[in-house]
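A single chain, nothing else alongside it, follows as structure tokens in the form predicted alone.
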Amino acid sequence: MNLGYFLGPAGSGKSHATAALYEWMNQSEYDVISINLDPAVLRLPYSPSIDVRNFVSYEEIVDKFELGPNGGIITAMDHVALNFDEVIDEINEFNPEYAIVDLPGQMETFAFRGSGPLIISELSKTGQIGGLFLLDPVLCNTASSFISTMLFGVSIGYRLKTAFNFLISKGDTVSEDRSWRIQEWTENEEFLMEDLRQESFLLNANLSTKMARILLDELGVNDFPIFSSETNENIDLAFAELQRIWGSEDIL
């Protein structure tokens, strides 16, 4: 089985990306299921094949332990990890060729706590697994914010110990100028460095340029597909990126 999931800051469009890719694969007659691993989500833009809310009640946990929103999510995810064998059993019952996994919206409560790496580790035992990190163009409005968002992605990937690639999300809303600039940042190191140097309130230009060069050199950053969950723009490229991570010979 091949499992794919979307990473990214809150509001970057992970659930809508999950819905779009799952629906596209389903219509393309791939043997695919969708898995929701967010116990606190109120509404989803798709009907998950497996829903962790059937096993863990976020509301009951918040009431029982008198927790706030973040504390409730953290505790709920701990309960998900403790009962994850039930999710694995359901996955095995479906026995699909592909699974698209929807992670909690607040990545910090997942990736940087013990439950997240444990859950990803258990999922990886069922097959090949990889992620797509969504670069929200709203958050990448300057060169330094682009670098910090990429660093956030690298940090999450490091914690979860799985391979991932970058995508630019919300392609239907990003302006042509913003799209061009982000693409230039990924392809032209000097263009990125020049934009970093021109930022008036950059605290440490030297540190920023060093971090940028490490990212560009070590990650082999190049052209990022611009993906839209609303129009399905480049949805085939999103699938192809996952196939490369899985090591599939059948790449689109």
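Remember, predicted model here, so these are calculated numbers, not experimental data. All residue numbers refer to positions in the sequence shown, first residue = 1.
Keep in mind that the form predicted in complex with a small molecule is missing from the display, and what follows is about it.
With the partner omitted from this view, the residue of Glu122, Asp78, Asp172, Glu97 that lies near the small molecule in the model of the complex is Asp172 [heavy atom within 4.5 Å]. Only one of 159-167, 122-130, 142-150, 172-180 places residue heavy atoms within 4.5 angstroms of the small molecule in the model of the complex, namely 172-180. The small molecule in the model of the complex is approached by Gly105, whose closest heavy atom lies within 4.5 angstroms of it.
Residue contact with the small molecule in the model of the complex: Ala10 places a heavy atom within 4.5 Å of it. Residue contact check for Glu230: one or more of its heavy atoms lie within 4.5 Å of the small molecule in the model of the complex. Among residues of the shown chain, Gln243 is not one whose heavy atoms approach the small molecule to within 4.5 Å in the model of the complex.
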